[in-house]
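Below you will find one chain, with nothing else, as structure tokens; this is the form predicted alone, and questions on how it binds or moves follow later.
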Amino acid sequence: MDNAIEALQLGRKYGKIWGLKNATFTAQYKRLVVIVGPNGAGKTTTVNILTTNLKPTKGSAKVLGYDIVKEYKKIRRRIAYMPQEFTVGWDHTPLEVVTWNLVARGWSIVDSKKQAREWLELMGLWNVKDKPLRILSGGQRRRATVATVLATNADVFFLDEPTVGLDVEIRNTVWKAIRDCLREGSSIILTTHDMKEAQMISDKVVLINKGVTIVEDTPINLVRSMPYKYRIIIEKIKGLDIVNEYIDIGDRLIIYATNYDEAIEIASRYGKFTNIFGIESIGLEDAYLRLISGDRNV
């Protein structure tokens, strides 16, 4: 079996409303798959179904070869889940929450303490290991949560926006830890709203919109699928006649160009009338916006 996760036409109905209509994708072993999409697209519902916390209304899925409905107990023994709003014990210390979470999963106390130290050092928390989480910063608490989950050495991790609220330096530390887990043999499903994060760390991206899987592919393939290579960011003013494909982001426009020479020409043309904020190579965020909108001008 090549895939750690297989989802086929998964759907979940809340009353008369479909929170998820058709999630279909795979995640290979030892790979990081990032699920992206707008708020309300069905990302968290998908994760809740795959972690066996929510029963699907339709469709099927397997995690590590086990059916999510019929064999949910086997799945739960081998996965670890970090919900978006998950926080660890407010009055406990980082050392306590990591250690006792491992004990609860069947680790010995000796091994749990050793593993807790390793992960708290990795997350830069060993110097505050004995301080109650309530007096730590939001970033420190978030890192303690990540450490609590990743320290389990689970076969599959489900991480719902694990780096939200973290500064750039600490976020990179978490990224490294996540990628290291793959080398140790784990498979990972991660959700994020940060397209730069998805492009940086994922092996594959699954885009869900309005409850339906729109596309699944590697970040580089999604970027290469774009008919443009550069974007020009300009100040939006009345009266500009934009002939190229563009995206309206309020008081600014993102205009797309097929090559660098065209990008320079566009910047020169509109620079006579408005401010030019930069010329950049396109990235996953541009592919995401184009796939979500489906329109020439958004």
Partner chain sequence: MFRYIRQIVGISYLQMVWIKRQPTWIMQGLISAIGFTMLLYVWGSLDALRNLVIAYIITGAWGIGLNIVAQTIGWDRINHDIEFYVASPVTLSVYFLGTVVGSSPFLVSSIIPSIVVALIFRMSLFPIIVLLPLSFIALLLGAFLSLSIILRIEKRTNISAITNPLYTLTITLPPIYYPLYVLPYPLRWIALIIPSVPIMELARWMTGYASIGCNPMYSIISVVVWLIATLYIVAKKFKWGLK
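Numbering follows the first chain given and starts at 1. All of these numbers come straight from a predicted model, not from anything done at the bench.
Keep in mind that the form predicted together with its partner chain is missing from the display, and what follows is about it.
Of the candidate stretches 194-202, 161-169, 77-85, 116-124, only 77-85 has residues whose heavy atoms lie within 4.5 Å of its partner chain in the predicted bound form. Using a 4.5 angstroms threshold between heavy atoms, T26 stays clear of its partner chain in the predicted bound form. Among residues of the shown chain, E96 is one whose heavy atoms approach its partner chain to within 4.5 Å in the predicted bound form. Contact annotation for W107: at least one heavy atom lies within 4.5 Å of its partner chain in the predicted bound form. In the predicted bound form, its partner chain lies farther than 4.5 Å from every heavy atom of T45. Although its partner chain is not shown here, in the predicted bound form the stretch 46-74 places heavy atoms of N48, T51, T52, N53, L54, K55, I68, V69, Y72 within 4.5 Å of it, in sequence order.
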